[in-house]
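Below you'll find only one chain, the form predicted alone, shown as structure tokens.
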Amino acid sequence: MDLIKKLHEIVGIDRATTSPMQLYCYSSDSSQIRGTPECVVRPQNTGQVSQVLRFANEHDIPVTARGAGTGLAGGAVALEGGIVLDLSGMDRILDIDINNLQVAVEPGVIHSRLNEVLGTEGFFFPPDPGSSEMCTLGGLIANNGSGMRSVKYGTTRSYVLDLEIVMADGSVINTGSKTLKSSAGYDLTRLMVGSEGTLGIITKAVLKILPLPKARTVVLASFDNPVLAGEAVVKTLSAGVIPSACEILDRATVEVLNAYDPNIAIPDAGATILFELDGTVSSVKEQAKIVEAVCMPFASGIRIAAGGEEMKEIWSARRLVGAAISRIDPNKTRVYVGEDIGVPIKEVPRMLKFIQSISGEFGLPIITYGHIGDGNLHTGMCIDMLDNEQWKQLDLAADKIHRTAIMLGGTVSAEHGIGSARSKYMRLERGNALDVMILIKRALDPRGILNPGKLGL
């Protein structure tokens, strides 16, 4: 079998390669996980994806789907070689159907581009990942990513109406419909969302969209420490205010951002909460008053963003956090492990206390930020990557963070995915439900060619 010859027949000579330089570029995502494929294929349509999978299935060749490679858990890394299927070139917005509140897209469409186009129509796709300028919608769906607006608007799973999926044997199915709801049999759409390319390959998606809110504001509340901030968030949500976004930045995060860009106007405090409120002009004003009243007993300072330009600067700063953390020490590098835990809302203050104690226990500074309004906390740790002892301490700290989150009834991944980086925790978190997942995997991919080595399967 001449693999590359067959792939050239399917997609063309310029869209499949075994070049060592190209293979190296596809050997990692944004995590520490590495794995080199035998070849990279860049299909242009569903038919080509179908042919590639049919051939791969017949010859037991692993296939790993990939978008922009922004994942943080090794989900797009070819651990067992084989084919990396780069879907980023399938990037057309196929149909914007305002009357039916939906849009049809190919998997390679960049998230921010979709919202730029929808914005001209007065609509938006609510999930709002920090990697919006880079990540593809196919990757976002495959990981059930979400981002900053999930407090009010939910995760990507809530907006996927239908998926065109190429199965392991090359057959093509549609999982849903264009209706906003359906009770026709098993919910295959939700099964595929978050499956990280282990059950099928997304080649088209129909997504629900919403009208842009009439008004929006940001309340910045400062606290002496993250625990007080967490308590204020719990009280705010209990008071009936559901922010469109609710973000925490601890003192170290703010210091890093100020070092990255001195013009960023975020208070220097033990912790800062960014409450974004949206809706009508009157409802936004009313919500802001409630947030101020509820946070006052906990906060050291509260203010409302001056206007649209300042809000834009604030959210631009928030999106920089992941990259800016590396500035904390020029001799150290940010390592993405233990960075995506989620806990029940009422357990947020307790989890924040645990993170502080874990930092002290292992002598490792831990920067905490993230979507505190839905219990999703990101922890940032930096080490000298040439120091084996620091690697050991990092792994021990990350393991304790993961296990603590599960102990509190939470998850090791709220939005970044399991991939291979967190697969060892699947049994601990999901228990016997993992056995059901394994049965589903075997039924839909009996030869095990789709993204092997992921999700603890």
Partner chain sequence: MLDLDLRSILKCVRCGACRSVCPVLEEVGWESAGARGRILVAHGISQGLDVDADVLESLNTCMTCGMCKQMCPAGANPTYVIENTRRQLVMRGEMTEAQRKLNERIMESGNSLGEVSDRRSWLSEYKGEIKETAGYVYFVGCLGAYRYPESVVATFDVLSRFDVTILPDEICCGSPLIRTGFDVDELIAHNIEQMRKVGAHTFITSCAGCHNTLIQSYPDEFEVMHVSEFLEQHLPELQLRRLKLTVTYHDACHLGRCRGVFDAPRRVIEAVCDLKEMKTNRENARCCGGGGGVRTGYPDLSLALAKKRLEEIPDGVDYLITSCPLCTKNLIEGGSDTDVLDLVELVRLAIE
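What you see is a predicted model, and the numbers here were worked out from it, not measured in a lab. Residue numbers count along the first chain shown, from 1.
Omitted here: the form predicted in complex with its partner chain. The next part is about that form.
Contact stretch among 168 to 176, 188 to 196, 67 to 75, 242 to 250 - heavy atom within 4.5 Å of its partner chain in the model of the complex = Correct option: 67 to 75.
Would you kindly say which of 28, 46, 404, 423 lies with a heavy atom within 4.5 Å of its partner chain in the model of the complex?
-> Of the candidates 28, 46, 404, 423, 28 is the one lying within 4.5 Å of its partner chain in the model of the complex.
Single option in 227, 266, 290, 134 placed near its partner chain in the model of the complex, where near means a heavy atom within 4.5 Å = Checked against the cut-off, the match is 134.
All of 96, 120 and 413 with a heavy atom within 4.5 Å of its partner chain in the model of the complex | No, because 96, 120 and 413 lack any heavy atom that approaches its partner chain to within 4.5 Å in the model of the complex.
Does the 4.5 Å heavy atom contact test between residue 88 and its partner chain in the model of the complex come out positive?
-> Close contact exists here: in the model of the complex, residue 88 approaches its partner chain to within 4.5 Å, heavy atoms only.
Spell out, yes or no, whether the shortest heavy atom distance between residue 262 and its partner chain in the model of the complex is within 4.5 Å.
-> Looking in the model of the complex, residue contacts with its partner chain do not include residue 262, since no heavy atom lies within 4.5 Å.
May I ask you to check whether residue 42 falls inside a 4.5 Å heavy atom distance of its partner chain in the model of the complex?
-> Judged by the heavy-atom cut-off of 4.5 Å, residue 42 is in contact with its partner chain in the model of the complex.
Even though its partner chain is not shown here, does residue 386 get within 4.5 Å of it in the model of the complex, heavy atoms only?
-> Contact with its partner chain, yes.
Its partner chain in the model of the complex - contacting residues of 307 to 345, heavy atom within 4.5 Å = Residues within 4.5 Å: 320, 323, 324, 326, 327, 329, 330, 331, 332, 333, 334, 336.
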